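Here's a solo chain for you in structure tokens, the form predicted on its own.
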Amino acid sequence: MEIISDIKEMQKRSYGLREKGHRIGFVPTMGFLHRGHSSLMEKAREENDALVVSIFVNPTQFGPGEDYEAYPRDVEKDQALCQKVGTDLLFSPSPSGMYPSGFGTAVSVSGITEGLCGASRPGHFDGVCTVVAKLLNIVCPHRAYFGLKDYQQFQVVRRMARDLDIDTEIVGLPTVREPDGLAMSSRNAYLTPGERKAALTLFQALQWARKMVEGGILEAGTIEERVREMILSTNGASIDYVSVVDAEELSPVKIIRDRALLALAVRLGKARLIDNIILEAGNRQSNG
């Protein structure tokens, strides 16, 4: 595995791989890697000739008062995991390299960024789209892999790539969970033992919503209200949002007629946790 920090060198290596006819699979990350990340890397390794992973804690997607400085980092562990899964190139640029003096460009996607995390984190998806657009231009991958725990992010990046004619297939893979159901996240490191136990209410609430739909309850408002009640009964939990939305456009729905996304964001102590599930009318359920 080769570690590259220089942007021009990364582009040069990517161009060389493409000239040789090698297909590049790319996994962009913010580090502090876990099993969810490695599942993306393994799929990218399986489906492509070369695997490129990036580690970059992107400052532009953190708002005022958010956890950019405190965001967990473990460089040695991350490099060891990348090596283990067979990463060819690990791209680890600096903030000053990605955003040099005078940088003044932002990439913005409208519509699907306005609800869910976009409503409570103004500017967040502009930061996501800007850095992902830069990374796709630098790495020039054939495929880029994202986890569906961040379902809105996946849809936003896919829309951006489509709208800007970026020649990269955006691939979404299912949420990877702990044995007890908690979605894997770097921010789980913020949880105290008590909060870690309480965090299970997110997965339990999603499963309860699935059972409601299977039982014929298709009114989004009813599902949202009952999920909120369940989460708020958990000690220390506060809700950012609980929303049933269209699975593609992420717009609110009143009745689940086909496929809908139940997405939630919950705060426990220092951690803001997100999770989701796809709900389908007619007993055809699947995880988000």
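One-based numbering along the sequence shown. Please read these numbers as outputs of a predicted model, since none were measured by experiment.
There is another form of this protein, the form predicted in complex with a small molecule, and it is not shown here; the text below is about that form.
In the model of the complex, Ala144 stays away from the small molecule, with no heavy atom inside 4.5 Å. Contact annotation for Ala199: none of its heavy atoms lies within 4.5 Å of the small molecule in the model of the complex. Using a 4.5 angstroms threshold between heavy atoms, Pro28 counts as touching the small molecule in the model of the complex.
The small molecule is not drawn, but in the model of the complex it has no heavy atom within 4.5 Å of Cys82. Though the small molecule is absent from this view, in the model of the complex it lies within 4.5 Å of a heavy atom of just one residue from Thr175, Gln153, Thr87, Ser185, which is Gln153. Heavy atoms of every residue among Asn58, Val128 and Val131 are located within 4.5 Å of the small molecule in the model of the complex. In summary, the region of this chain contacting the small molecule in the model of the complex, judged by heavy atoms within 4.5 Å and restricted to 106-114, 200-208, 88-96, 144-152, corresponds to 144-152.
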